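So this first bit is one chain, no partners, the form predicted on its own, shown in C-alpha cells.
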Amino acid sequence: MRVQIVGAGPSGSVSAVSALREGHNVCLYEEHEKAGFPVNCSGLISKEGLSSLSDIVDFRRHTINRIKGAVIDCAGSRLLVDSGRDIAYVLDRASFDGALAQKAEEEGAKLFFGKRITSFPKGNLIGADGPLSSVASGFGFPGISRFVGTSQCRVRYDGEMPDHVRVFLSNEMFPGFFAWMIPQNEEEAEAGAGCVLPGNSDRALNALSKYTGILFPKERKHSIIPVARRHRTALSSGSRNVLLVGDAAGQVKSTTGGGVVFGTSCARIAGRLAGRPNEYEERWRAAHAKDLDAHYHIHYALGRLSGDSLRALASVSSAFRIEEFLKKEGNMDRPTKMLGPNLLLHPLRSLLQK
C-alpha cells in the first residue's frame, strides 16, 4: 500500500517509520529545506515520552540539559517541585527532528524537502503538517476551536537551579496560558510566554521581562499551538483514506502545548492503520483521549483564575504538601495516572502529620 505523509516533524517521521514497518511504500513531504527548521518549540520533553521512542532515535545524542523539577510562580506565590531525579530533557530540536526524518529515510521512505503540497498526491494520506494543516482544510475536517500564540527568545541565565524549569502563572500577564524559563545551561535560558488567541504573545513576553527584571532581546520566535482537539481526525474520500496526526489533529497537551509525546504515539497508530481511518480514530482515542481531556480541563480551569485565586491555590497546595505528592506521583504527560487512592489519601496524611 502506498502512504503519502505531509510534514516531516516528529509525528510525520514516526508515522513514516510505522508505516514502513507494516510493509507500506512511503513518501514523506516537507515544505522546508530540512527537517527541524525553523525551530519554534522549546524542546522540553518528558523522560517517559522520549523513552517510548527508543526504537527509533537515541534522544541522549540530542540532549542539552536535564530537568529534575519546576519552580512554579502562582501570581507571586511560589511552589517548588523537586523530584530529585531526571524527569525531562531539553533537546536540540533541530537535530532531534532531523534524526527522526533520517531514520525514516534509512528504513525506506522517499523524502522530498522544499516541497509545499498544493495538490494532494494519490494514495492514502497522513496529514502531519501542523496546526494550520493544509490537509485538514483541503479535505474539510472540522476546525480547531482554541489556539495559543507564543513568543520566545534566548536570555542570559542567573545560574540558579539550572536543572529546574521556572513556570509563571498569571492570567493578568499571560491570559489563558503561562510563561516559562527553561535553562539551556548555567548561562542561558529560553524565555517564553503564551496566551490564548487573539491575545498578544509579545505583550505577554514583555510582561515576563518586566516581572523578572531581565532585559529580553527584540529578536523572537513565534508559534501557534492548538490546545483543543479536532472532533474528527480521519475520513475516506473516494478511494483514498485521510488521517490527521500530531498538531494537525490537535493531539497536544493543552496545559503546556507539548505535542511530541502524544503526537508520536498517535503517529505509530496512524502508520499501522493508514488504510483504516475508522479504526485509527477509535484506537488513538481509546489510548489517549482521557489524558488529553484532562489536560484541557486543567488548562481551561487555570485560565479562568484571578491572581488572588492562583495565590490561594498555591497556599492550599503548600498546606497539603502537594509538592511532595507531585514529587512521588507526578506525571508530565498522563494526569489520569495520578488519580487514585494516593491522591485522596495524601491530604489526610498531610493533616495528620501536622
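We number the residues from 1 along the sequence you see. These figures come from a predicted structure and were not determined experimentally.
Keep in mind that the form predicted in complex with a small molecule is missing from the display, and what follows is about it.
- The candidate spot formed by 62, 163 and 184 is out of contact with the small molecule in the predicted bound form: none of the three has a heavy atom within 4.5 Å.
- Contact annotation for residue 43: at least one heavy atom lies within 4.5 Å of the small molecule in the predicted bound form.
- Within this chain, residue 174 is remote from the site of the small molecule in the predicted bound form, having no heavy atom within 4.5 Å.
- Not displayed here, the small molecule is approached by residue 29 to within 4.5 Å at the level of heavy atoms in the predicted bound form.
- Heavy atoms of residue 130 reach within 4.5 Å of the small molecule in the predicted bound form, making it an interface residue.
- For the small molecule in the predicted bound form, the listed stretch (276-284, 149-157, 228-236, 101-109) containing residues with heavy atoms inside 4.5 Å is 149-157.
- 224 is the sole member of 224, 75, 87, 72 with a non-hydrogen atom lying within 4.5 angstroms of the small molecule in the predicted bound form.
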